[in-house]
Ligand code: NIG
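Below sits a lone chain in structure tokens, taken as the form predicted alone.
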Amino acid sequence: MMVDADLLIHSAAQVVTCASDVPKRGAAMQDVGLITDGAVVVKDGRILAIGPTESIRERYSAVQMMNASGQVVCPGFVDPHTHVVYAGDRIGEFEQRIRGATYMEIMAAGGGIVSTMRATRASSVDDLVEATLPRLEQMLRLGTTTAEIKTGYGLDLDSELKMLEAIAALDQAQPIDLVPTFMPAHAVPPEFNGRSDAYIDWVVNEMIPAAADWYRNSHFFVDGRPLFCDVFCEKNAFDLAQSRRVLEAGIAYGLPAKIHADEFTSLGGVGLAVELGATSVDHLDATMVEDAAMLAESGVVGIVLPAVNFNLGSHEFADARGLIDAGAALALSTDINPGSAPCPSQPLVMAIASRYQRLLPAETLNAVTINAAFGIGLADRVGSLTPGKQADLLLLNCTDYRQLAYQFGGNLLATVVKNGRII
């Protein structure tokens, strides 16, 4: 007896599932769940079945049939660390860096995050939505179907809540599923210069409770998507004790933890993430060997952001190869933002990670799909082609998934299917 479905994609040169019930580690990172001459069945926006074309077509029929001959079908990309909501740009700082200024020098002189803060504070919710929609459209055209977005360019209560409102509006205005992160402790705002502890007092006592209240009244809460709490644990930002206060306050209000750590200096952020059971620890450029071992023994996902190093012209990258070999659960992300990584492309991130961090193509694909989904707490919904999950998948104009990391500068994407709907 034939089972009826909405969509049947068949005859794909490869279907790669990236399926796993736990974050992939070690040798599992090299297994993409490859099916040759594969097929995917979709019903009611979810994956119904996957397998070889012959056996699938014997058992299923569909209203819409797609012949994927000569193409690869893979999960939609998950981007687990972004700052894509912002106003203005930092092109002038790009030129300063070309002339030799460092990121930290620009930040210490009042540029960097504080520069974007001024533009973001001056913008309305509608302004932020209008500025961000084209960036999300770019990301979608490059294969991202789920993305995390942080606040952190408001740095006062009203502006941080405004950013959350913009993220909520954007989630409902375009196809990419968004996951919000509250990050008021991204930098010390000018009005608190020299008084970072006082700013953290405000973050802990006023801003986090207000964000938690906003979340409980948002559609994200109704949908079961988390609101994370994040902090920049770094020299010239917030020290380890201040970072602990922020994350512990977030946890107390039901906001799971994320942390920016070891981007330039190691202050103990990895240990804090492990101790508090954070969902992810992000950057990891300056992570020490002993911290990598600690991360590998934990359930915390390490998110590495190679587009930042590339954009800053650095010759040093996070030791992603070492993290995988140590047994850590590794994910990759664009970190799309106006200063350190104006990059919307997960495929470009995969290409950089392969060349500069010695990741195999299979490892990069798992890092932008299933492990990235674990890095935002949504692996039960997205990140792999698994029956029951959302039908978020890509059709690529190639016959070998490894082309995603092998090629760069173009776009192999032919079709996006989001929640079972062809975009």
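Predicted, not measured: the structure shown is a model, and the values here were computed from it. For every residue, the number given is its place in the sequence shown, counted from 1.
Absent from the display: the form predicted in complex with N-(iminomethyl)-L-glutamic acid. The rest refers to it.
This chain is displayed without N-(iminomethyl)-L-glutamic acid, yet in the predicted bound form the stretch 332-340 from 332-340, 218-226, 159-167, 296-304 comes within 4.5 Å of it by heavy atoms.
In the predicted bound form, at least one heavy atom of Glu263 sits within 4.5 Å of N-(iminomethyl)-L-glutamic acid. Of the heavy atoms in Trp214, none are within 4.5 Å of N-(iminomethyl)-L-glutamic acid in the predicted bound form. In the predicted bound form, no heavy atom of Phe317 sits within 4.5 Å of N-(iminomethyl)-L-glutamic acid.
With a 4.5 Å cutoff on heavy atoms, Arg90 counts as touching N-(iminomethyl)-L-glutamic acid in the predicted bound form. Out of the listed residues Ile324, Ile113, Leu155, Met207, Ile113 is the one that sits within 4.5 Å of N-(iminomethyl)-L-glutamic acid in the predicted bound form by at least one heavy atom. Residue Phe232 is the only one in 212-249 with at least one heavy atom within 4.5 Å of N-(iminomethyl)-L-glutamic acid in the predicted bound form.
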